[in-house]
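As C-alpha coordinates, one chain now follows by itself in the form predicted alone.
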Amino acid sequence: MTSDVKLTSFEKEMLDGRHGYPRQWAMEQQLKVAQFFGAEDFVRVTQAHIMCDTESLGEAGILHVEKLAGSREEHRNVVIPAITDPRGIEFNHYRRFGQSEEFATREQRVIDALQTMGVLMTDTCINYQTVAPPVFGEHLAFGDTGSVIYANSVFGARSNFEGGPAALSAALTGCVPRYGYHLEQYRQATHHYRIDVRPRTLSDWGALGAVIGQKVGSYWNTPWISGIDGSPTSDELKHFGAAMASYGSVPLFHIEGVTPEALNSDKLANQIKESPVNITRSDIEQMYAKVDRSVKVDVVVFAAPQVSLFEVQDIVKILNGRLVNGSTELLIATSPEIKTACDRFGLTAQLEQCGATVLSGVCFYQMYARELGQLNDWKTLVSNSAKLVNIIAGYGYEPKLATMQQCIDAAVDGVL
(Lines give C-alpha, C1' and ligand atoms only; values in the text may rest on other atoms or scores of the structure.)
Protein backbone atom coordinates (compact mmCIF):
# COMPACT_ATOMS: atom_id res chain seq x y z
CA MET A 1 0.00 0.00 0.00
CA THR A 2 2.84 2.42 0.78
CA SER A 3 5.35 1.22 -1.82
CA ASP A 4 4.70 4.22 -4.07
CA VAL A 5 5.40 6.75 -1.27
CA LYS A 6 8.75 6.80 0.50
CA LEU A 7 8.40 6.95 4.29
CA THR A 8 11.03 7.56 6.94
CA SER A 9 11.32 5.06 9.77
CA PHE A 10 9.49 7.44 12.11
CA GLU A 11 6.70 7.99 9.60
CA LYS A 12 6.30 4.22 9.32
CA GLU A 13 6.15 3.95 13.10
CA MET A 14 3.38 6.55 13.23
CA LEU A 15 1.50 4.74 10.48
CA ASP A 16 1.81 1.45 12.37
CA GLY A 17 0.31 3.02 15.51
CA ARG A 18 3.45 2.86 17.63
CA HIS A 19 3.02 6.54 18.58
CA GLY A 20 -0.67 6.40 19.41
CA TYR A 21 -4.00 6.64 17.62
CA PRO A 22 -3.92 10.39 16.80
CA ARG A 23 -0.65 10.14 14.85
CA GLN A 24 -1.74 6.90 13.19
CA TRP A 25 -4.98 8.53 12.06
CA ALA A 26 -3.02 11.55 10.83
CA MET A 27 -0.54 9.46 8.81
CA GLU A 28 -3.32 7.37 7.27
CA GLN A 29 -5.07 10.58 6.22
CA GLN A 30 -1.89 12.08 4.80
CA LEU A 31 -0.86 8.91 2.99
CA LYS A 32 -4.14 8.87 1.07
CA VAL A 33 -3.53 12.49 0.03
CA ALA A 34 0.05 11.64 -0.99
CA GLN A 35 -1.11 8.73 -3.13
CA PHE A 36 -3.91 10.73 -4.75
CA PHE A 37 -1.55 13.53 -5.82
CA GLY A 38 1.36 11.23 -6.67
CA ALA A 39 3.70 12.54 -3.97
CA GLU A 40 7.01 10.66 -3.79
CA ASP A 41 7.60 11.37 -0.11
CA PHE A 42 6.82 13.76 2.75
CA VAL A 43 8.38 17.11 3.63
CA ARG A 44 8.88 18.48 7.13
CA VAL A 45 6.82 21.58 7.97
CA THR A 46 7.45 24.15 10.66
CA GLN A 47 3.94 25.47 11.34
CA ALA A 48 0.32 24.41 10.92
CA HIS A 49 -2.67 26.73 10.54
CA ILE A 50 -5.88 24.82 11.28
CA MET A 51 -9.37 25.62 9.99
CA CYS A 52 -11.67 24.02 12.55
CA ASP A 53 -14.86 26.07 12.82
CA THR A 54 -17.81 24.21 14.30
CA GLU A 55 -20.19 24.93 11.41
CA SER A 56 -17.90 22.99 9.08
CA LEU A 57 -17.09 20.28 11.64
CA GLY A 58 -20.63 19.36 12.60
CA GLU A 59 -21.27 17.01 15.51
CA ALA A 60 -19.32 14.14 13.92
CA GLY A 61 -16.26 16.31 13.42
CA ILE A 62 -16.45 17.65 16.97
CA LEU A 63 -16.63 14.11 18.36
CA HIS A 64 -13.62 13.14 16.26
CA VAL A 65 -11.50 16.03 17.58
CA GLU A 66 -12.58 15.15 21.12
CA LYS A 67 -11.55 11.54 20.49
CA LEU A 68 -8.09 12.66 19.42
CA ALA A 69 -7.82 14.92 22.47
CA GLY A 70 -8.86 12.05 24.74
CA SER A 71 -5.74 10.03 23.90
CA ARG A 72 -2.68 9.84 26.13
CA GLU A 73 -0.81 13.12 26.44
CA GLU A 74 2.33 11.97 24.62
CA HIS A 75 0.21 10.75 21.70
CA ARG A 76 -2.18 13.69 21.29
CA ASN A 77 0.15 16.69 21.61
CA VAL A 78 1.04 18.53 18.41
CA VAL A 79 4.73 18.36 17.46
CA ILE A 80 5.05 21.75 15.69
CA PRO A 81 3.55 25.17 16.43
CA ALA A 82 -0.15 24.90 15.53
CA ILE A 83 -2.51 27.86 15.37
CA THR A 84 -6.18 28.33 14.47
CA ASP A 85 -8.28 30.11 11.88
CA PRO A 86 -11.20 32.32 13.06
CA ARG A 87 -13.82 30.66 15.26
CA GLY A 88 -17.58 30.42 14.72
CA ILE A 89 -18.84 32.16 17.87
CA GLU A 90 -17.93 35.51 19.40
CA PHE A 91 -18.59 34.80 23.07
CA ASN A 92 -18.94 38.50 23.93
CA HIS A 93 -21.72 39.10 21.40
CA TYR A 94 -23.50 35.88 20.38
CA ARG A 95 -26.47 36.42 22.72
CA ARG A 96 -27.07 39.91 21.32
CA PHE A 97 -27.23 38.40 17.84
CA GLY A 98 -29.74 35.83 19.05
CA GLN A 99 -27.45 32.83 18.55
CA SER A 100 -28.23 29.77 20.63
CA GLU A 101 -26.40 28.34 23.63
CA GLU A 102 -26.05 25.14 21.61
CA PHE A 103 -23.75 26.93 19.15
CA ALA A 104 -21.68 28.34 22.01
CA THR A 105 -21.42 24.94 23.70
CA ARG A 106 -20.20 23.33 20.48
CA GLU A 107 -17.60 26.03 20.10
CA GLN A 108 -16.32 25.60 23.64
CA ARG A 109 -16.04 21.82 23.19
CA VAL A 110 -13.75 22.24 20.18
CA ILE A 111 -11.68 24.92 21.92
CA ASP A 112 -11.19 22.66 24.94
CA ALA A 113 -10.17 19.71 22.75
CA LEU A 114 -7.70 21.67 20.64
CA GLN A 115 -6.12 23.31 23.67
CA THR A 116 -5.72 19.88 25.25
CA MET A 117 -3.69 18.91 22.17
CA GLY A 118 -1.42 21.94 22.52
CA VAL A 119 -2.96 23.99 19.70
CA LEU A 120 -2.63 27.76 20.17
CA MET A 121 -6.04 29.39 19.78
CA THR A 122 -4.92 32.39 17.72
CA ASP A 123 -8.30 32.47 15.91
CA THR A 124 -7.08 34.47 12.96
CA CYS A 125 -6.82 34.33 9.17
CA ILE A 126 -4.18 37.08 9.16
CA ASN A 127 -1.61 35.03 11.07
CA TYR A 128 1.04 36.30 8.64
CA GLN A 129 0.37 39.85 9.90
CA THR A 130 -0.17 39.15 13.60
CA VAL A 131 1.44 35.89 14.76
CA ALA A 132 4.48 34.65 12.84
CA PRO A 133 5.19 35.66 9.25
CA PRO A 134 6.93 32.82 7.39
CA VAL A 135 10.25 33.20 5.57
CA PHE A 136 11.37 32.41 2.04
CA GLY A 137 11.45 28.69 1.32
CA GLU A 138 9.78 27.68 4.61
CA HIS A 139 7.47 24.69 4.24
CA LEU A 140 4.09 25.13 5.96
CA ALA A 141 0.71 23.48 6.40
CA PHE A 142 -1.61 26.50 6.15
CA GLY A 143 -5.37 26.13 5.91
CA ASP A 144 -7.08 29.43 5.15
CA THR A 145 -6.82 30.21 1.44
CA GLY A 146 -5.95 33.86 2.09
CA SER A 147 -3.14 32.80 4.42
CA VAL A 148 -1.80 30.28 1.90
CA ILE A 149 -1.71 32.63 -1.08
CA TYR A 150 -0.10 35.39 1.00
CA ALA A 151 2.56 33.05 2.44
CA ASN A 152 3.37 31.56 -0.97
CA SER A 153 3.36 34.80 -2.93
CA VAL A 154 4.54 37.59 -0.64
CA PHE A 155 7.02 35.59 1.46
CA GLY A 156 7.98 32.84 -0.97
CA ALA A 157 7.07 30.16 1.58
CA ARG A 158 5.68 26.75 0.52
CA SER A 159 2.16 25.50 1.28
CA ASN A 160 -0.81 23.91 -0.43
CA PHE A 161 -4.39 24.62 0.64
CA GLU A 162 -4.63 22.32 3.66
CA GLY A 163 -8.19 21.61 4.84
CA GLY A 164 -8.93 21.23 8.55
CA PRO A 165 -8.16 17.48 8.82
CA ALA A 166 -5.00 17.88 6.71
CA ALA A 167 -3.62 20.78 8.76
CA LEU A 168 -4.42 19.00 12.03
CA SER A 169 -2.68 15.90 10.67
CA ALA A 170 0.39 17.99 9.84
CA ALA A 171 0.40 19.38 13.38
CA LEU A 172 0.41 15.83 14.78
CA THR A 173 3.06 14.42 12.42
CA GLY A 174 5.21 17.44 11.56
CA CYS A 175 5.07 16.69 7.84
CA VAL A 176 2.91 16.90 4.72
CA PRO A 177 2.96 15.08 1.37
CA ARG A 178 5.47 16.68 -0.98
CA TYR A 179 3.32 17.72 -3.94
CA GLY A 180 1.96 20.89 -5.54
CA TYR A 181 3.42 24.12 -4.24
CA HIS A 182 6.11 22.40 -2.20
CA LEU A 183 7.70 21.59 -5.58
CA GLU A 184 9.54 24.15 -7.69
CA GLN A 185 7.91 23.05 -10.94
CA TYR A 186 4.46 24.18 -9.81
CA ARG A 187 5.65 27.62 -8.74
CA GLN A 188 6.47 28.82 -12.25
CA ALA A 189 4.26 31.38 -13.94
CA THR A 190 1.70 30.04 -16.41
CA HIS A 191 -0.23 33.19 -17.41
CA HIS A 192 0.73 36.85 -17.77
CA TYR A 193 -1.64 39.71 -16.87
CA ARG A 194 -0.68 43.32 -17.58
CA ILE A 195 -2.37 46.02 -15.48
CA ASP A 196 -2.82 49.46 -17.04
CA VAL A 197 -3.88 51.29 -13.87
CA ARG A 198 -2.88 50.94 -10.24
CA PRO A 199 -5.78 50.05 -7.90
CA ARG A 200 -6.64 52.95 -5.59
CA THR A 201 -8.44 51.36 -2.63
CA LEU A 202 -8.43 48.06 -0.75
CA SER A 203 -11.67 47.12 -2.50
CA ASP A 204 -9.98 47.91 -5.83
CA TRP A 205 -7.23 45.47 -4.95
CA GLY A 206 -9.81 42.86 -4.02
CA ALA A 207 -11.69 43.50 -7.27
CA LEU A 208 -8.47 43.11 -9.26
CA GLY A 209 -7.73 39.84 -7.46
CA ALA A 210 -11.25 38.67 -8.30
CA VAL A 211 -10.83 39.53 -11.99
CA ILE A 212 -7.54 37.66 -12.25
CA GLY A 213 -8.86 34.74 -10.19
CA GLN A 214 -11.79 34.32 -12.55
CA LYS A 215 -9.48 34.40 -15.56
CA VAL A 216 -6.94 31.96 -14.09
CA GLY A 217 -9.64 29.60 -12.82
CA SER A 218 -7.41 26.73 -11.71
CA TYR A 219 -5.44 25.68 -8.66
CA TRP A 220 -2.57 24.62 -10.90
CA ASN A 221 -2.18 27.89 -12.83
CA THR A 222 0.03 30.69 -11.53
CA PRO A 223 -0.48 34.29 -12.70
CA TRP A 224 2.33 36.76 -13.30
CA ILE A 225 1.15 40.36 -12.92
CA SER A 226 3.05 43.26 -14.45
CA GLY A 227 2.35 46.98 -14.72
CA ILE A 228 1.88 47.64 -10.98
CA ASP A 229 3.49 51.00 -10.23
CA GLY A 230 5.30 50.76 -6.88
CA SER A 231 5.07 48.19 -4.12
CA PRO A 232 1.59 47.49 -2.69
CA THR A 233 1.07 47.55 1.08
CA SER A 234 0.52 44.45 3.19
CA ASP A 235 -3.23 45.18 3.43
CA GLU A 236 -3.50 45.73 -0.33
CA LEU A 237 -1.80 42.40 -1.03
CA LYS A 238 -4.00 40.77 1.62
CA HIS A 239 -7.23 41.80 -0.13
CA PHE A 240 -5.74 41.07 -3.55
CA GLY A 241 -4.66 37.52 -2.67
CA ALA A 242 -7.72 36.60 -0.62
CA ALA A 243 -10.03 37.57 -3.50
CA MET A 244 -7.91 35.77 -6.10
CA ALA A 245 -7.93 32.60 -4.01
CA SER A 246 -11.69 32.91 -3.48
CA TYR A 247 -12.64 33.53 -7.11
CA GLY A 248 -10.08 31.24 -8.71
CA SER A 249 -8.73 28.77 -6.12
CA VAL A 250 -5.30 30.26 -6.82
CA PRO A 251 -2.59 29.61 -4.16
CA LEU A 252 0.27 31.64 -5.69
CA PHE A 253 0.79 34.81 -7.73
CA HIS A 254 3.84 36.73 -8.88
CA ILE A 255 3.96 40.53 -9.11
CA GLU A 256 6.86 41.73 -11.21
CA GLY A 257 9.48 43.51 -9.13
CA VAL A 258 7.54 43.00 -5.88
CA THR A 259 7.18 39.37 -4.84
CA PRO A 260 10.38 37.37 -4.25
CA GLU A 261 9.92 34.91 -7.10
CA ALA A 262 9.15 37.65 -9.63
CA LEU A 263 12.31 39.74 -9.51
CA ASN A 264 13.57 38.42 -12.84
CA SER A 265 11.07 39.36 -15.55
CA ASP A 266 13.08 37.65 -18.31
CA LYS A 267 12.88 34.37 -16.40
CA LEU A 268 9.12 34.75 -16.01
CA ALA A 269 8.69 35.63 -19.68
CA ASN A 270 10.51 32.45 -20.67
CA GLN A 271 8.02 30.40 -18.66
CA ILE A 272 4.97 31.66 -20.61
CA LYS A 273 4.16 31.11 -24.27
CA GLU A 274 0.90 33.07 -24.54
CA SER A 275 0.70 36.85 -24.98
CA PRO A 276 -0.18 38.89 -21.88
CA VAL A 277 -3.81 39.62 -21.08
CA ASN A 278 -4.51 43.31 -20.46
CA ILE A 279 -6.66 44.29 -17.48
CA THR A 280 -8.15 47.77 -17.39
CA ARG A 281 -9.89 50.04 -14.93
CA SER A 282 -13.23 49.05 -16.42
CA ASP A 283 -12.52 45.39 -15.60
CA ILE A 284 -12.05 46.36 -11.94
CA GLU A 285 -15.16 48.55 -11.90
CA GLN A 286 -17.29 45.69 -13.20
CA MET A 287 -16.86 43.96 -9.83
CA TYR A 288 -18.54 46.79 -7.90
CA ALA A 289 -22.18 46.99 -6.92
CA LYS A 290 -24.35 48.65 -9.51
CA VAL A 291 -27.37 50.39 -7.97
CA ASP A 292 -29.86 52.51 -9.90
CA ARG A 293 -31.38 53.96 -6.74
CA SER A 294 -30.75 53.98 -3.00
CA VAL A 295 -30.73 50.47 -1.57
CA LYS A 296 -31.54 49.86 2.10
CA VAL A 297 -28.54 48.28 3.84
CA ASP A 298 -29.05 45.77 6.67
CA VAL A 299 -25.44 45.04 7.62
CA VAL A 300 -22.02 46.44 6.75
CA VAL A 301 -19.16 44.02 7.34
CA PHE A 302 -15.40 44.51 7.41
CA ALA A 303 -14.02 40.97 7.44
CA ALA A 304 -12.73 38.14 5.23
CA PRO A 305 -9.87 38.70 5.73
CA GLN A 306 -9.86 40.06 9.27
CA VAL A 307 -8.87 43.70 9.41
CA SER A 308 -5.46 45.01 10.43
CA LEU A 309 -4.74 47.70 12.99
CA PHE A 310 -4.25 50.23 10.19
CA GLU A 311 -7.62 49.33 8.66
CA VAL A 312 -9.35 49.83 12.00
CA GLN A 313 -7.70 53.22 12.35
CA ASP A 314 -8.89 54.18 8.86
CA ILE A 315 -12.46 53.11 9.71
CA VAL A 316 -12.36 55.31 12.81
CA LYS A 317 -11.08 58.26 10.76
CA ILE A 318 -13.73 57.92 8.06
CA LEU A 319 -16.51 57.39 10.59
CA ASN A 320 -15.29 60.54 12.35
CA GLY A 321 -17.72 60.31 15.24
CA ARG A 322 -20.82 59.79 13.10
CA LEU A 323 -23.46 57.43 14.47
CA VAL A 324 -24.40 54.20 12.76
CA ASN A 325 -27.97 54.20 11.47
CA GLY A 326 -30.37 52.51 13.87
CA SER A 327 -31.58 50.05 11.23
CA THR A 328 -28.09 49.03 10.06
CA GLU A 329 -25.42 46.95 11.79
CA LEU A 330 -21.72 47.79 11.38
CA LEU A 331 -19.48 44.81 12.15
CA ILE A 332 -15.67 44.82 12.18
CA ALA A 333 -13.93 41.46 12.60
CA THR A 334 -10.29 41.25 13.62
CA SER A 335 -7.83 38.97 15.38
CA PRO A 336 -7.58 38.79 19.18
CA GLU A 337 -4.15 40.46 19.01
CA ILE A 338 -5.42 43.37 16.94
CA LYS A 339 -8.53 43.67 19.12
CA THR A 340 -6.32 44.01 22.19
CA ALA A 341 -4.30 46.72 20.45
CA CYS A 342 -7.51 48.51 19.43
CA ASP A 343 -8.66 48.44 23.05
CA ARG A 344 -5.33 49.84 24.21
CA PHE A 345 -5.30 52.66 21.67
CA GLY A 346 -8.91 53.64 22.31
CA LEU A 347 -10.06 52.65 18.82
CA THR A 348 -12.58 50.10 20.08
CA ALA A 349 -14.17 52.66 22.39
CA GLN A 350 -14.49 55.21 19.58
CA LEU A 351 -16.15 52.66 17.31
CA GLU A 352 -18.54 51.45 19.99
CA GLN A 353 -19.54 55.03 20.80
CA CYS A 354 -20.58 55.36 17.16
CA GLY A 355 -22.65 52.17 17.34
CA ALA A 356 -20.22 49.79 15.62
CA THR A 357 -19.35 46.33 16.95
CA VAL A 358 -15.76 45.05 16.98
CA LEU A 359 -15.64 41.25 16.81
CA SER A 360 -12.60 39.36 18.07
CA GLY A 361 -11.32 36.03 16.74
CA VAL A 362 -14.15 35.37 14.27
CA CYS A 363 -14.91 35.98 10.61
CA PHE A 364 -18.42 36.74 9.43
CA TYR A 365 -19.01 33.87 7.03
CA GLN A 366 -17.78 31.34 9.63
CA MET A 367 -20.23 32.58 12.29
CA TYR A 368 -23.22 30.51 11.16
CA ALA A 369 -23.87 33.36 8.75
CA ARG A 370 -27.15 31.97 7.38
CA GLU A 371 -28.62 31.72 10.86
CA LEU A 372 -27.27 35.18 11.73
CA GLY A 373 -29.11 36.64 8.76
CA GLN A 374 -32.34 34.85 9.57
CA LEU A 375 -32.23 35.77 13.26
CA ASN A 376 -31.54 39.46 12.59
CA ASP A 377 -33.44 39.96 9.31
CA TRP A 378 -30.23 40.79 7.47
CA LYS A 379 -30.45 40.51 3.70
CA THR A 380 -28.51 43.29 1.99
CA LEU A 381 -24.84 43.15 3.02
CA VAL A 382 -22.21 45.70 1.99
CA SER A 383 -18.48 45.10 2.32
CA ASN A 384 -15.16 46.26 0.90
CA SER A 385 -14.02 42.62 0.82
CA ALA A 386 -14.36 41.02 -2.60
CA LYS A 387 -13.78 37.65 -0.95
CA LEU A 388 -16.72 38.08 1.42
CA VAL A 389 -18.97 39.33 -1.38
CA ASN A 390 -18.09 36.21 -3.38
CA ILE A 391 -18.80 33.81 -0.52
CA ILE A 392 -21.75 35.28 1.35
CA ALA A 393 -24.37 35.05 -1.39
CA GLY A 394 -24.41 31.32 -0.76
CA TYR A 395 -25.66 32.04 2.76
CA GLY A 396 -28.78 33.86 1.61
CA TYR A 397 -27.47 37.44 1.45
CA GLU A 398 -27.55 39.99 -1.35
CA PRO A 399 -23.95 41.25 -1.15
CA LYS A 400 -22.53 44.42 -2.69
CA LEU A 401 -18.88 45.39 -3.05
CA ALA A 402 -18.09 49.00 -2.15
CA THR A 403 -15.14 51.11 -1.04
CA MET A 404 -14.42 51.60 2.64
CA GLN A 405 -15.78 55.14 2.39
CA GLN A 406 -19.00 53.94 0.73
CA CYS A 407 -19.38 51.15 3.31
CA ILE A 408 -19.15 53.55 6.22
CA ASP A 409 -21.46 56.08 4.57
CA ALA A 410 -23.95 53.24 4.05
CA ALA A 411 -23.70 52.27 7.73
CA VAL A 412 -24.43 55.88 8.75
CA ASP A 413 -27.15 56.61 6.19
CA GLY A 414 -28.69 53.14 6.15
CA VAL A 415 -28.62 53.10 2.34
CA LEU A 416 -26.11 52.48 -0.44
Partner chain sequence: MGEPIFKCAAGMGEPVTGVALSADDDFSARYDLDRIRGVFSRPAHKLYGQSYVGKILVLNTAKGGVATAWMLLDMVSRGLAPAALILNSANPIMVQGAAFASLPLMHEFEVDIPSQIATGDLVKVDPISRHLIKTVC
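Treat the numbers as computed from the prediction; the structure is a model and nothing was measured. Residue numbers count along the first chain shown, from 1.
Quick note: we don't show the form predicted in complex with its partner chain, though the next part is all about it.
With the partner omitted here, the stretch from 300-308, 163-171, 252-260, 322-330 that lies within 4.5 Å of its partner chain by heavy atoms in the predicted bound form is 163-171. Contact with its partner chain in the predicted bound form, defined as a heavy atom within 4.5 Å, is made by all three of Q29, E55 and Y179. Interface membership of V65, defined by any non-hydrogen atom within 4.5 Å of its partner chain in the predicted bound form, is confirmed. Within this chain, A245 lines the site of its partner chain in the predicted bound form, having a heavy atom no more than 4.5 Å away. Proximity of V362 to its partner chain in the predicted bound form: non-hydrogen atoms within 4.5 Å are absent; the residue sits far from the partner. None of the heavy atoms of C354 is located within 4.5 Å of its partner chain in the predicted bound form. With the partner omitted here, the residue from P276, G217, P81, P133 that has a non-hydrogen atom within 4.5 angstroms of its partner chain in the predicted bound form is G217. With the partner omitted here, the residue from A39, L372, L347, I391 that has a non-hydrogen atom within 4.5 angstroms of its partner chain in the predicted bound form is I391.
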